[in-house]
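Alright, two takes on the same chain below, each alone as structure tokens: structure 1 and structure 2.
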Structure 1
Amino acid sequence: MLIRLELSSAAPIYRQIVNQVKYQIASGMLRPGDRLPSVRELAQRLPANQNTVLKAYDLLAREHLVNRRPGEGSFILDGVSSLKKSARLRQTAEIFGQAAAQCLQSGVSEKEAHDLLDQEFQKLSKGRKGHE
């Protein structure tokens, strides 16, 4: 599992880890049953504080995206986040808000933005199929 920290980002480190794991699940790079590196292992690899990695894994477990089995490790689960729909919509709206602002600033039209979004969906579904 490849995680890259963006040090100039406004997003807290644990949030960056959570988002990248979610992206890799959505794109099929991480499959149900896959084992995540241990907290200590990922912390040393990044490098990042073990408590930060632990917090990211706990959040993923709380959303039922990851199953943490004591003594065995953390495994990707099959399914979507168990967060309430409203919370998931809020998370997504935040990302879309930033994307919409980026479109306006770069002169990307609404039509072009929708096309780009469609392409991203296609890429992700291709990645998922590629593994099956």
Structure 2
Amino acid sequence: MLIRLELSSAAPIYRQIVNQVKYQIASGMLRPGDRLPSVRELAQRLPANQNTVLKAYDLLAREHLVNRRPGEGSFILDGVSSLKKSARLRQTAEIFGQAAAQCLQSGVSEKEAHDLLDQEFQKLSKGRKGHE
């Protein structure tokens, strides 16, 4: 699972984690039964503390996207990857909105942003082909 945080984003870190997990579920990158990194492990990978990651995981569990099993970890629930297209588009629009705001704040042009997005799609496409 790949999570990228934008520390200068207006969105709180826990919300960024939730949004990215939701997107990865909707896109099929995370599938039912997949185990999420432990709270401690993800907090160490990210510039976030364990309470922030725990808050994100708790919210995912309350939204019935993740099953938290004490001592075992957090797992993607069955049936969540079939989110409606409208929900997937709404989640993507929220992520893109945050990215666009960051681009404007950073002086990144629209063309540069499109080029960066294309590069990310290419990286992910190569990564998916390697897992098939």
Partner chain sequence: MSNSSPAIQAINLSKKFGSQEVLRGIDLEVPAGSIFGLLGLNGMGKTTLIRTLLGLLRPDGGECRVEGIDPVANPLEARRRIGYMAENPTMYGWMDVGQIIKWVGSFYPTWDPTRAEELRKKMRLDAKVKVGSLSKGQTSRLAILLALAHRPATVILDDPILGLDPIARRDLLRDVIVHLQGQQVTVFFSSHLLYEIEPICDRVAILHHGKIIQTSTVERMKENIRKIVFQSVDAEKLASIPGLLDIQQVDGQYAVTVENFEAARPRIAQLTRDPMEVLALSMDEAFEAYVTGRREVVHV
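By convention here, residues take numbers in order along the sequence of structure 1, the first being 1. As the structure is a prediction and not an experimental result, all values here were calculated from the model. Think of the rigid core as the biggest set of C-alphas that the two forms share within 1.5 Å after superposition.
Undergrad: Quick check on the two chains I just loaded: which one is the form predicted together with its partner chain, 1 or 2?
TA: Only structure 1 fits here, because that chain is the form predicted together with its partner chain.
Undergrad: Verify the C-alpha shift of Gln102 between structure 1 and structure 2: is it 2 Å or more after superposing the core?
TA: Shift of 2 Å or more: yes.
Undergrad: Superposing on the rigid core, do we see a C-alpha displacement of 2 Å or more at Ala113 between structure 1 and structure 2?
TA: Comparing forms between structure 1 and structure 2, the Ala113 CA shifts at least 2 Å.
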